[in-house]
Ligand code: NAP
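Shown below, as structure tokens, is a lone chain in the form predicted alone; questions about how it binds or moves come after it.
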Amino acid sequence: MKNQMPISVAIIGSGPAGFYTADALLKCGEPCKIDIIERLPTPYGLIRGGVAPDHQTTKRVARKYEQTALVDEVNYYGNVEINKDFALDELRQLYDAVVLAVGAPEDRKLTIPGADKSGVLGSAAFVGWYNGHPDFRDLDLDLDISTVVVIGNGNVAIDCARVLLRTPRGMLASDLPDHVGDVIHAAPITDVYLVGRRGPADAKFTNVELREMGELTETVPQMKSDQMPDSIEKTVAILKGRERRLKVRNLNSLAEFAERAADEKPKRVHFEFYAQPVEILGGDRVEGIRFERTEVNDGRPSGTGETFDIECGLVISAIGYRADPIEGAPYDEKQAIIPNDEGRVADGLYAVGWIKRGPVGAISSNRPDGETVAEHIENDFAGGGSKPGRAAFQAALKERGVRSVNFDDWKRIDEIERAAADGTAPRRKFVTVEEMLNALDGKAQAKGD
């Protein structure tokens, strides 16, 4: 039997979807050489830049990804950007298979009058800022305000509220960047509203995150009893299994919140349902937001004509994310994804994760995407690979003068960040690419500001 060339695979994006794909390829029946290409020097995508800084347990999944990155067949190339350093079409000429795993990094826009005012921003920007993502280091955020409104009833919305309301002590074991903590902890915020179009039974919070809001040191949760269903059992009667259990737990938690006194603690988080935003109020800067009451029929909310206003100095829209188009790949503008057939986009081109199916599911929801695409690649290249892959890519990097960051470099960045941390904090993050590269050159330490 003659020796066959390994299948050369480039995975663009180093978040969960990318690493699950690499892991699945290592376990497939064909030998592969896998190159993970990432725009930032740092890997792990939303694990580093999206999971809230006070939820360090969730971030531990990165240890599994590191095991994959350290396998001989896998190389990591950070600080290399598609459509800047390399065109997608170029990579497709170099590699047998190219897998798009770039996620959905953009906010789904709030499209109501006044949404362009200062003090209105999307959750992707806010989450990126409080996670020290380089793209949002210079976000100009005025938190000299008393009230914030967060539009959305999912875990991203609740993360935004919790990070704003936690005490400095509550954030000691987090990796909240110093410059962010300085702003948040000096803010005179007393009230945060979480507002959703549907009812409490339709909220997408996981119960751990919801219950956490009832355990904050200085914040009491508030829930209107008249927005609760008359009977929890009747509300969930048609549901089964895990979905039923989650709804029951959430409704029970919200029912407990309805019993809490507003003056129990100095700050409040308000859970407001059956309301859709219709207008941002104020001059150049947001001064409030107008909502219309809704009613839900057959699962669809519709306006009743009744409106109410909430005075506030900041509106965070947590209504979903969008993937960006990639030059050289098709794009579905309406769904904001790359059109695909079970992960297949074109010959030798595949998609996984949020850019494949939209921003839904937990971290582990990306695993089946990787397994499916790995199976496609194994079947499509059963006779082995034919393109040069890594050798040609590395030669092109050198020729173009692109400074890539390998996994050993990342481990050095990681080591410096951890060494710079105070107390129980896991790390003090670098928050610009320049800082990261300077650290590798021995010119800087992590400052978090």
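All residue numbers refer to positions in the sequence shown, first residue = 1. Only a predicted model underlies this, so the values are computations on that prediction, with no experimental measurement involved.
One more form of this protein should be noted, the form predicted together with the named molecule, which is absent from this view; the next part is about it.
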### Message
Whether 152, 159 and 209 jointly form a contact site for the named molecule in the predicted complex is the question; each needs a heavy atom within 4.5 Å.
### Response
yes
### Query
Can residue 361 be called a contact residue for the named molecule in the predicted complex at 4.5 Å between heavy atoms?
yes
### Message
Can you tell me whether residue 197 touches the named molecule? I mean in the predicted complex, with a 4.5 angstroms heavy atom cut-off.
### Response
yes
### Message
Please determine whether residue 176 contacts the named molecule in the predicted complex, using a 4.5 Å cut-off between heavy atoms.
### Response
no
### Task
With heavy atoms only and a cut-off of 4.5 Å, decide whether residue 318 touches the named molecule in the predicted complex.
yes
### Task
Considering the named molecule in the predicted complex, find the one stretch among 199-207, 131-139, 164-172, 371-379 with heavy atoms no farther than 4.5 Å from it.
199-207
### Task
State the residue from 108, 290, 267, 260 whose non-hydrogen atoms include one within 4.5 Å of the named molecule in the predicted complex.
108
### Query
in the predicted complex, which of the listed residues (277, 313, 348, 114) lies with a heavy atom within 4.5 Å of the named molecule?
277
